[in-house]
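Okay, so here's just one chain, in structure tokens, the form predicted alone.
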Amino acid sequence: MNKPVKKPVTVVTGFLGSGKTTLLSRVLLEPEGANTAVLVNEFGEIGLDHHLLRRSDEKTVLLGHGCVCCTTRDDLVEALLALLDEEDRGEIPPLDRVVVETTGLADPAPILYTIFSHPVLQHHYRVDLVVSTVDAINGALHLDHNPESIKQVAAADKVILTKTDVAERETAQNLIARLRTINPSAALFEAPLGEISAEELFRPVDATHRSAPGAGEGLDGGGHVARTHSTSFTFDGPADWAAFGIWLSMLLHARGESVLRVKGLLDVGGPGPVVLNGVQHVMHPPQHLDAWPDEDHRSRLVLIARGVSSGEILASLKAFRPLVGAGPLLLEADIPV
């Protein structure tokens, strides 16, 4: 018996006023945006965004009042289950995709956990993308003063820089450099006037995509414990997958709130690597590739963390090295955000 094909879920997040609704309203007008259900989470007694997104051939649901990452996760579960039920009864056409638009204050991690852990949803849905919009004019200010903004960028597979049509070019370029520092593995796009094609927005990111920091850029083996930083490790030789998984599980269990993002390629002795992808304590199911993406067969691990130093992470991994079986560990870069 064939397993049901899981529907892709795209989580669109971004700080208040960063253009999430504008972006989606344009994308959903395209043919590639048809057969898309949109779940909108809003604060306040009267929701507006779901009306702005509504079209005759799409399903738009308002997820109550509050933040979908905490108080209304039950609403999210109920909405996703209802979509399955309505599709089974023929009340809506078969869906190609579900989009969850979060509030500007949402932490994406609990949303991913809700879908990955629910006994029914995990068999029918898969989160294929986390997209974060960033305002080119006010983005730096948001990153300076709002931890949620950093979490949203750190969790993203794609970062969409909006309002580049009205922002000063130097301001936008400085922000782009900062965003690449926060999340070097994310694909970054500019969307002047909120315009990006549906094909580009919803295209899955290649599991091997990575944008490594420049050699020596911000290199510091110290730690920046009080700050958010992106740390890159490499090591040679195949690692014991089970032992590495235990180390990573222990790290996330102990410091999951501090480790905002984990992404990497792990050599486990097969023809291709295992792809690691996690947001805080929530890990995507590991993906085993049939081949390496390039000639570099070293394991590569990028962690975006806050309040835990790269030195602590390196020491922890070194302590497990006899069990993991990997070669010498190299701290490539520790870049403060």
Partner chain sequence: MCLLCGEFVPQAHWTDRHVEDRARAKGADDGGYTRERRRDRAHRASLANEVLKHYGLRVRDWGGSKYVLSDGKGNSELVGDLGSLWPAATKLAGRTLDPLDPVLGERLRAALE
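Positions refer to the first chain, counted from 1. For clarity, every value in this text was computed on a predicted model and none was experimentally measured.
Omitted from view is the form predicted together with its partner chain, to which the following refers.
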Checklist outcome for this item: Contact with its partner chain in the predicted bound form, heavy atom within 4.5 Å, among 75, 87, 148, 240 goes to 240
Item to check | Stretch in contact in the predicted bound form with its partner chain, which is absent here, among 152-160, 111-119, 89-97, 137-145 (heavy atoms within 4.5 Å) | outcome: 111-119
Checklist entry - Even though its partner chain is not shown here, does residue 23 get within 4.5 Å of it in the predicted bound form, heavy atoms only? => result no
Next on the checklist: So in the predicted bound form, is its partner chain close enough to residue 247 to count as touching (4.5 Å, heavy atoms)?
Outcome noted: yes
Next on the checklist: Would you classify residue 297 as touching its partner chain in the predicted bound form, given a 4.5 Å non-hydrogen atom cut-off?
Outcome noted: no
Checklist entry - Could you tell me if residue 9 has a non-hydrogen atom within 4.5 Å of its partner chain in the predicted bound form? => result no
Checklist entry - Quick one: which residues from 297-321 get a non-hydrogen atom within 4.5 Å of its partner chain in the predicted bound form? => result 308, 312, 313, 315, 316, 318, 319, 320
